[in-house]
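Quick setup: one chain, the form predicted on its own, written in structure tokens, and binding and motion questions come after.
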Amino acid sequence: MNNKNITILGIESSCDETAAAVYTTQGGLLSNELYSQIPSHALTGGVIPETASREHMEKIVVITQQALAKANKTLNDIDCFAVTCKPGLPGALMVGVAFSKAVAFAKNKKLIGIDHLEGHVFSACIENKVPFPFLALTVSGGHSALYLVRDFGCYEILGSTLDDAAGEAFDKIAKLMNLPYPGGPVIEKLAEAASFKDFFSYPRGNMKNLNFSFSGLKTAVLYHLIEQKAYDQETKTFLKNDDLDFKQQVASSLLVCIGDIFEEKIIRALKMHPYLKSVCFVGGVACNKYLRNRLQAACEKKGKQLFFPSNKLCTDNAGMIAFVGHYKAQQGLFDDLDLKVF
């Protein structure tokens, strides 16, 4: 493949966003189109895998056509198809992978399977010149992890999710409080109204290592709600819908707690690896302005610059998949048409 100008079509369908993007060597990210299933899953307060798969099948052709049109490209212009193959919902992943395989075969083009989390790790590099090596904190609905990143495609995990991820904790605690899905933005808005104060001192968990565990925090909030007669466990009903102050205090305490955890883990990682030149905060939760500000202040104290993607590149998207596919194509790291999902 000619490395002078490679054109990549990226496909993302790991959970509840159907996305397609075009990335070229010379032009960078030319398009990054997305269909969000949030309105459908908001009705049930969380992602239903069968619903996600069905909507991916309905939208993937349309979204791909939109991405190509915005980039002023056709399928004949595409040199390689990059598609998320792991991790994610099996049925959702299969839609994107089957579609990409079919088009790659029909057009006799190359195919690359992409790790969704690798997409997040390098998403800040699309818009920023991030100096290597850097520390990446990836936080989303299903994953919270720290990576030591040496170069494109060259990284190692320093700490990962042991049970519930931060995004999942936001969503599940929001559901306990009868708040809309997704929970993160709603909790941040409530916390802001309470001036981001820590009212209830929820447990921070084990702060002596780089792994993440939010199951205990989620349980602690549940029992606190029960003790405050705010939640009936038998009927699974939130009893203080009209007590705005209480909801704001819970949300604020939760967000401050999670901010403390992230800040401590980053500081600990930087102490262990002082040669790291910068820090990236990526994933859907990186849209949270309070957490951005907390981590930016912490990094400045350590003399490190914090980078994060624009909001459209924080949430699941195909731009980051196309970007990773591009440097893998330059390295000749292609997959066969028997590519599996994980």
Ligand code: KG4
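One rule holds for the numbers: they count along the sequence shown, beginning at 1. Treat the numbers as computed from the prediction; the structure is a model and nothing was measured.
Here the subject shifts to the form predicted together with this ligand, a form of this protein not shown in this document.
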Quiz item: For Leu306, is any heavy atom within 4.5 Å of this ligand in the model of the complex, or not?
Solution: no
Quiz item: Looking in the model of the complex, any heavy atom of Cys287 within 4.5 Å of this ligand?
Solution: yes
Quiz item: Hey, in the model of the complex, does Ala52 get a heavy atom within 4.5 angstroms of this ligand?
Solution: no
Quiz item: According to a 4.5 angstroms non-hydrogen atom cut-off, is Gly88 in contact with this ligand in the model of the complex?
Solution: no
Quiz item: Of 279 to 287, 54 to 62, 23 to 31, 294 to 302, which is the one stretch near this ligand in the model of the complex, taking non-hydrogen atoms within 4.5 angstroms as near?
Solution: 279 to 287
Quiz item: From the list Gly159, Pro185, Gly205, Gly153, which entry has a heavy atom within 4.5 Å of this ligand in the model of the complex?
Solution: Pro185
Quiz item: What residues, if any, in 158 to 173 have a non-hydrogen atom within 4.5 angstroms of this ligand in the model of the complex?
Solution: Gly167, Glu168, Phe170, Asp171
